[in-house]
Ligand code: NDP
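Consider the single chain below, provided in structure tokens and representing the form predicted on its own.
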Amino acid sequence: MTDLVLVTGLSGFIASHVTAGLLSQGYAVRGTVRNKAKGGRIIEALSNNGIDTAQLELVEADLGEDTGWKAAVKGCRFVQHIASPFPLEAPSSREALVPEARAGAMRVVEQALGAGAERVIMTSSMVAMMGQAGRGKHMRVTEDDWSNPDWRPLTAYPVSKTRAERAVWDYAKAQNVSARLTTICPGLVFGPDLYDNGGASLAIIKGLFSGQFPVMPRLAYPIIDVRDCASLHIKAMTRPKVGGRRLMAASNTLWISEVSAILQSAYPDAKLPAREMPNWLVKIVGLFDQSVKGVLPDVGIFHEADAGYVSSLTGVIPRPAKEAVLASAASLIENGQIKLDS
């Protein structure tokens, strides 16, 4: 009998690549969407990329409601909980995203483990690890690092990811089921936008090409290609020693200025930014711009992922960040989201 895997938020960037990998490896997939009619677009996109979708079904379920989740997890050997609220505009309230993120994660995890799922893989983020005072200019992020959601500089998204992941681990430990839970914490997720649903990280690539960032804040994050991130999610279902672990999805770290330089070298006729904004000016801009405010705690800090243990546990060796950057740009140009001057 074919193993069934639930993938929440199927139409998202990471989730669609996870789904493609699962289907290609012979799994059946049940994917949650908020609206089945709109969700049908992702089935078409997968099919157009050569993925056999005969073993894919869509069900409606909303993280903010109980309805549908018991049926969604029924019969699933594994659950990939990838969906999470991510606003287009950062809310001013630090706790604004917490209720939906935390309650949604608890709904899925409780229902999945209660229904007998062998393992639940939950997508968190490295923002649930990095947000803490006293990092210095170079932070080597480890599996044991946690953001402090009460630290005032943190904004809504990292607060929500931290509180949601903490809540799920607290529940798993209280129920003595930690071995059936694994969380994945990606850095910036680049890579090919095969299904025209690229996430927030790809907005950085588009912004560099479009002139949105005439000068760049001095920021440095670990980068992961979405294809490697998806492989990690899938391997985490069956690898024996990943239960109870937080796995960083991260390759090497690049400054945003290095990302721009890589793209400029590949596309010499494009007009990409070459200068960094002084840190003091970023802080002033952040007083008036919510999107800039969200990165203020990270300005000038080189974040490096101590992620060698992840390859040892899963066998997934992430490709270099440069490859992920170039794959992002190539696909965004191909699908028309980035237009080069002719």
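Start at 1 and count along the sequence shown; that's the residue number. The structure displayed is predicted, hence computed values, not measured ones.
The discussion below concerns the form predicted together with this ligand, not included here.
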Partner-proximal stretch of 208-216, 172-180, 146-154, 117-125 relative to this ligand in the predicted complex, 4.5 angstroms, heavy atom: 117-125
Full three-residue contact with this ligand in the predicted complex, heavy atom 4.5 Å, for Gly9, Ala83 and Ser201: yes
Partner-contacting position among Val79, Val189, Val259, Ala236 - heavy atom within 4.5 Å of this ligand in the predicted complex: Val189
Residue among Gln132, Thr253, Gln264, Asn197 with a heavy atom within 4.5 Å of this ligand in the predicted complex: Asn197
4.5 Å heavy atom contact, Ile14 to this ligand in the predicted complex: yes
4.5 Å heavy atom contact, Ala61 to this ligand in the predicted complex: yes
Partner contact for Arg34 in the predicted complex: this ligand, 4.5 angstroms, heavy atom: yes
Partner contact for Lys38 in the predicted complex: this ligand, 4.5 angstroms, heavy atom: yes
This ligand in the predicted complex - contacting residues of 100-115, heavy atom within 4.5 Å: Glu100
